[in-house]
Ligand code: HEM
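Before any questions on binding or motion, here is one chain by itself as structure tokens, the form predicted on its own.
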Amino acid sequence: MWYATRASGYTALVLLSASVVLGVLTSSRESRRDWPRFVVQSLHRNLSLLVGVFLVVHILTSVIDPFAKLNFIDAFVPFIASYRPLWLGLGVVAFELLIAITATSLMRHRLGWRSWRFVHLFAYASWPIAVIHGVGTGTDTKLIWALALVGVCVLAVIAALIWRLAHAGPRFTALRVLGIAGCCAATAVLVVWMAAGPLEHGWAKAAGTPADLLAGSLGTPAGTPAATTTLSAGLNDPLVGSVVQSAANATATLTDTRDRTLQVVIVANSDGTGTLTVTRSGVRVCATSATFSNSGVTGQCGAVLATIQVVDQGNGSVSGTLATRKAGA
């Protein structure tokens, strides 16, 4: 569900950005024989409806997934969630603005043109709010592909707005120049804010991630015993990695294929002893003495038992499975 939440969120952002670009192009009232204006309008309308579909998936999977402990009230009332309340709340605001825009568009023939246009202008507010929500809340923000995707969306919309303002005709020249300058300034502010905030170390805590989630996913806070942090129970993840052998021991280093930030290191000594160390994003989650048996390697990380099956693939490669359950379960 967490993968579906992130994927549907980024998909909705791409589609919303494309819809805004088409909306800007439609407002210019320009038309070509090979690309009639009604085609752009229809594509804009259908993309907007598709954004709504992916937003519904995004919200449902966010609520169903137990990680952030969200409920349906959090999805409709902004700024009350326990998980990153400000940034999640901005997503709620953007969603509700889009609902108003879509509803009035579907009832456009029953509304006056001025009323419809006034509500429709909220699209220019919902899009930047959605971008900030995604950057502030997203757990993938620091990844190259996520930065590239957000960058393309921002540049496409800003370029469309600047083009529209530059080709708006000779009237209101000062306002058009001010609008172009505002677009450039807003982009610069976004870049500076991302560099000083979401891309900085410690953003998860600063963004309002609950302490129990920080402990479970980011490792042990300074000065806290390692036993207070645990892996999540219920994992059944494939592992891949390599093994290095010496006369005294064998060290297997494996990475979780479902969560690349999670790494397992097993040290098996020749005398039958050994250790199991688990890190996430380079920060230790737990380190414990390991018990070796025919069923694999078992270690207790706080209240969770972790069992790792390891299979030697030859040529120094190993694979395995990480399974976790609550102790005593």
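Owing to the predicted nature of the structure, the values given are computational and were not obtained by experimental measurement. Numbers follow the displayed sequence, beginning with 1.
Omitted here: the form predicted in complex with ligand HEM. The next part is about that form.
Heavy atoms of no residue among 26, 124 and 163 are located within 4.5 Å of ligand HEM in the predicted complex. With ligand HEM omitted here, the record of contacts in the predicted complex names 84-92 of 108-116, 84-92, 167-175, 189-197, defined by a heavy atom within 4.5 Å. Proximity of residue 9 to ligand HEM in the predicted complex falls within the 4.5 Å heavy atom cutoff. In the predicted complex, residue 237 stays away from ligand HEM, with no heavy atom inside 4.5 Å.
Ligand HEM is not shown here, but in the predicted complex it comes within 4.5 Å of a heavy atom of residue 70. Although the partner is absent from this view, residue 134 contacts ligand HEM in the predicted complex, with a non-hydrogen atom inside 4.5 angstroms. Residues are counted as partner-facing when one of their heavy atoms sits within 4.5 Å of ligand HEM in the predicted complex; in 172-192 not one qualifies.
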